[in-house]
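As structure tokens, one chain now follows by itself in the form predicted on its own.
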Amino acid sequence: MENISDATKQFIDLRRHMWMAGIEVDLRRLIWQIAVTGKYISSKIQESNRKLAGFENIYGEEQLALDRSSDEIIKRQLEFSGFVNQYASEERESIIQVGKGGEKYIVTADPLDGSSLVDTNLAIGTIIGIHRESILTGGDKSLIAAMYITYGPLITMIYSAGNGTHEFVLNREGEYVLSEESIILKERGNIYSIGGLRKDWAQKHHDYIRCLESEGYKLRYSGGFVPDINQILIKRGGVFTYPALKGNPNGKLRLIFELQPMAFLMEQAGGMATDGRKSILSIEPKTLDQRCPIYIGSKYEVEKAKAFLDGNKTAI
């Protein structure tokens, strides 16, 4: 696909962009339908009374009514898509059937990442992975597309179907129009986002963060995975990390619902995503709720993290 001038971008909507990129018809339609779902979730966010649903989700966290509504919106949209066989959500205990059995795609979702930030009016988002094979046994070739929607001052959507990473913005007419074509990260950035309590970090991770700080990196952490990853992509560099912790070596974030889709998008933008040693996309999930440490962003910062965690000082 040829580079698109700034003057032309506002006239290219999501469907036309995917057609120009040569994405197969069914996948184009599915990505568009999920993007439309973001409009419905955005409306729910705006009308939300921010009250808790009164129970806990399967991971023992307080679950907002908004999480449950967002999950149901996605499920219903997929049921009527005609392209999706199975659906797996962070809000559900197991993979569920949403098609008749012959459809070729499986969709994973974190329906509302960062929902605890709603009452503070910070940006939150939806994370989607689209798979061709089983999400538990398909290996690194299972994931064929990924996207996330950010609900902030603007509603934006970033997607990739293996054709680069692209940003769209929802305009006043309710259309997603091209904003950033083929986002490419710089070799290194100057920001870092980091989760977990310092007292629970391993010493090698401590050393890594001190190194970034000594090199002048600026801390930018919202508490939401979607806005922090979005910042790294739009600013063209930096690193997000939620490391292994003392007593919790697998970290906090979930491999299938959060890390795999973001790793796909980041690698398509020329970045990297690892657990500190190996690629996130090379890790075959064993369970739906599997968690994993994460270092994701531009190559310099992620390679530096790997060097610190390996104890390879000569590579730093």
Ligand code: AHG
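What you are looking at is a predicted structure, and each value in this text was computed from that prediction instead of being measured. The numbering used is simple: start at 1 and walk along the sequence shown.
Omitted from view is the form predicted together with this ligand, to which the following refers.
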Inset, instruction - Sort through 206 to 214, 220 to 228, 75 to 83, 148 to 156 and report the only stretch with a non-hydrogen atom within 4.5 Å of this ligand in the predicted complex. - result: 220 to 228
Inset, instruction - Identify which of Ser115, Thr165, Thr126, Ser89 has a heavy atom within 4.5 Å of this ligand in the predicted complex; exactly one of them does. - result: Ser115
Legend entry - Interface membership of Asp275, this ligand in the predicted complex, 4.5 Å heavy atom rule: no
Legend entry - this ligand contact in the predicted complex: Lys252, any heavy atom under 4.5 Å: yes
Inset, instruction - Tell me, yes or no, whether Tyr176 is in contact with this ligand in the predicted complex, where a contact means a heavy atom of each within 4.5 Å. - result: no
Inset, instruction - Please run the contact check for Tyr192 against this ligand in the predicted complex: heavy atoms, 4.5 angstroms, yes or no? - result: no
